[in-house]
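The chain that follows stands alone, in the form predicted alone, written as C-alpha cells.
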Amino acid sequence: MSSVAVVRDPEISAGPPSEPTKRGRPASPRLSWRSLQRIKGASFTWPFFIGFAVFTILPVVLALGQSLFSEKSSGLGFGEAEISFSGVDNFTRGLTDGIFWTSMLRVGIYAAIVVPVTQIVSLALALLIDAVTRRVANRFRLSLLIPYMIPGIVATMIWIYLYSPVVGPFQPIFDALGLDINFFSGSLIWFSIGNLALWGNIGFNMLILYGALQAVPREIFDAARVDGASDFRIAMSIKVPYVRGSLVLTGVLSIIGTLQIFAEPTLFRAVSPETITKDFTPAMVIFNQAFQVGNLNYAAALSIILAAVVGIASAIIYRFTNKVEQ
C-alpha cells in the first residue's frame, strides 16, 4: 500500500482555536486567521518603534544617567579626571543658573510673538487657497511648501546673504530711499530671525490646515450661502472652528521647535557676534557647556531641564486650548 502525503491549507490550519473537547483536553494553541492578520499589520509599525526607542528614548536615558555624575580634575589638572556620583547637584545648579534662564526668557518672548504670527499667516493662506479652485490651489500649495523643504542651515545662509549690508540686494534700495536699516543690529536681530522662521514654517502649517479644511463637509457651506452668509462669515464661523484641532497641533509643534532654536542664531552669530552671544538661546548654552567648556554632565542636566520646560509648555497650551474648545 503506497503512502499518501497530506498537505494542509495554511488558512485552514490557522483557523480559530478549537474549543475544549468534551473529554477535557486543552484547546489548540494555534492562532486564528484574524489574529495572524493583526500581528502582520502591527509589524509595519515595528521599524518606527525601534527607531523611536534607539534615537529618542535611549538618548534621554543616557542623558539622564550622565546628569547624575560629575567630572572633576584632581590637583593642578594633570592626570585623569575623576567621575563621581553627584545626585541632583547638576539639576540644582541648572535651576539656579541665571545665564540659562535669561536665555530661556529671551526665547520665550520670541516664541510668544513668532508662534501666533505664524499661526495667523498660515491660517489666512490656507483659507485663501481653500477658496480657489483645486488646480490653482495645487500650484500655490507646492510653491508655499518649498521653503519648508530647504534645510535650515541653507535657508539661514540664504537670508544672511539677503540681509547683508555689504552684498545684500536690499541695501541699495535702502540707500536710495535714505533709510538706515541694518538687519544685524541689536534692535532688528530678532526680527531677522523671526522673519526667517516665518518663511520656513508657514508652508508646513498651511499644508496641515489646508488638509483639515478639505475634510469640512461642503454641504454646510452651501447651506450657509443659502442663508445669506458671506465668504468671510463662512470662514470665521464654520471653517476656523472645524480646524481648531489642527491649529492646536501646529501651535504645539511650533512652540517645541521655537524653544529649541539653535541653527539660526548660531549662524547669525558669525556676522553679528556683538549682538548674539554664545549663550543667546538655551540650546546654545547647552552646546557651549558640552563642547566648549567640556562639562557634558552639566549639559545633560540642562538638556533634561529644557525638555521638561518644553513638555510643560506644550501640555499647558494643549490643556488650555481643549478647555476653550469645550
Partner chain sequence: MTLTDVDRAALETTDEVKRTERGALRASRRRQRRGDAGDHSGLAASRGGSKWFVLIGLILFTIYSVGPAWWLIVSATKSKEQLYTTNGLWFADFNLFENLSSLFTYQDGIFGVWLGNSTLYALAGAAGQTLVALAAGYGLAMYQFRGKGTSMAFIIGSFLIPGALLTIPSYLLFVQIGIYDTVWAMILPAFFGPFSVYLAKVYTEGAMPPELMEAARIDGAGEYRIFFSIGLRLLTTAGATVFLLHFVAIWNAFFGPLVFLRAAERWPVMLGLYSWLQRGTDSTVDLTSLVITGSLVATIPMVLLMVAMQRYWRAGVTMGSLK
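Numbering follows the first chain given and starts at 1. Just so we're clear, the structure is a prediction, and the values are computed from it rather than from any experiment.
In what follows, reference is made to the form predicted in complex with the partner chain, a form of this protein that is not presented.
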Of the residues Ile181, Met236, Ile113, Leu128, which one places a heavy atom within 4.5 Å of the partner chain in the predicted bound form?
-> Leu128
If we test each of Ile99, Val117, Ile158, Leu95 for a heavy atom within 4.5 Å of the partner chain in the predicted bound form, the one that passes is Ile158
Does the 4.5 Å heavy atom contact test between Asn195 and the partner chain in the predicted bound form come out positive?
-> yes
Would Lys278 show up as a contact with the partner chain in the predicted bound form if we use heavy atoms at 4.5 Å?
-> no
Could you confirm whether Ser70 comes within 4.5 Å of the partner chain in the predicted bound form, counting heavy atoms only?
-> no
Would Phe140 show up as a contact with the partner chain in the predicted bound form if we use heavy atoms at 4.5 Å?
-> yes
Heavy atoms, 4.5 Å, the partner chain in the predicted bound form: which of 105-113, 145-153, 84-92, 181-189 makes the cut? Say which one.
-> 145-153
Determine the residues of 247-284 with a heavy atom within 4.5 Å of the partner chain in the predicted bound form and present them in sequence order; the list may be empty.
-> Leu249, Ile256, Gln260, Phe262, Ala263, Thr266, Leu267, Ala270, Val271
